[in-house]
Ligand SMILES: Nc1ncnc2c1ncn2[C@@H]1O[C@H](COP(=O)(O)OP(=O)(O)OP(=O)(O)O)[C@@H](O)[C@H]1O
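First, one chain by itself: the form predicted on its own, in structure tokens.
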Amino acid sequence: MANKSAEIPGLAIHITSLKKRHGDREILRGVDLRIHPGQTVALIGPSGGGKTTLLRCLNGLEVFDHGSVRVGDCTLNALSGQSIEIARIRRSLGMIFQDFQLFPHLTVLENVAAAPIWVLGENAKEARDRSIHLLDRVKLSEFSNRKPMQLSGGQKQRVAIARALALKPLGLLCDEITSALDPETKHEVLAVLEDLKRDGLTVIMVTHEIGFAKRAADRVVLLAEGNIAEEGTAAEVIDSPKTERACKFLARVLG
């Protein structure tokens, strides 16, 4: 039987024995994780457990101390900048931040079209046309000429998603992108991510939205104190946790 994952255009991500220190504090303590192409993975756990650091190691924003990261056919090793490999990873693995990081002096359309023009060298008209399509997909085409300061938090986050998609990535890293939003706008952003699942993108999302993890994630990984405490399907990790650490965390967040 053919390997189903080989038919999916997303990225495979392999994390091996990953360790990261900040001064005397060990943030990641030998994380091993395999993510198959096209999977949506919810990364949950207590604050300070290493979730954001793990994402930053994946796209080269953090240099780690031990282990390796393989994203598609690119590999990063410990204590090495590897600028060429990092550039290739960032082309295929987009990252969306909690604080949007939009250019305030550019319009919504210009924010989305900037990366294809500056990074991919696309023709300005082609980049603009595709950016309009992406804004329509996140239901913001009517806001294309507004500046970020004229948008709500949820609208800014949807622009950030469109901007990440403009580079035609095979995967997305999402770092608590709904944590600063009200319930209604959280729903709008999460609905966009669920729609992207149909495209076969590999998505790793650091989130406290347990409901989204249960509904949309293929796998849930609970990271605490720099270690993977538990991983599996949502039913396995959230509904029937096996470890004391997972039970304690879920009892707190689910009330």
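Every value quoted in this text rests on a predicted model; they were computed, and no experiment measured them. We number the residues from 1 along the sequence you see.
Not pictured, yet referred to below: the form predicted in complex with this ligand.
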Exercise. May I ask you to choose, among E110, E176, E85, E122, the residue with a heavy atom within 4.5 Å of this ligand in the predicted complex?
Key: E176
Exercise. Look up in the predicted complex whether T52 has a non-hydrogen atom within 4.5 angstroms of this ligand, and give yes or no.
Key: yes
Quiz item: Taking the shortest heavy atom distance, is I27 within 4.5 Å of this ligand in the predicted complex?
Solution: yes
Quiz item: Should K214 be classed as touching this ligand in the predicted complex when contacts are defined as heavy atoms within 4.5 Å?
Solution: no
Quiz item: At the 4.5 Å heavy atom threshold, is G200 in contact with this ligand in the predicted complex?
Solution: no
Practice problem: Counting only non-hydrogen atoms, choose the one of 41-49, 214-222, 185-193, 65-73 that falls within 4.5 Å of this ligand in the predicted complex. | Solution: 41-49
Practice problem: Select from 195-214 the residues with a non-hydrogen atom within 4.5 Å of this ligand in the predicted complex and write them out in sequence order. | Solution: H208
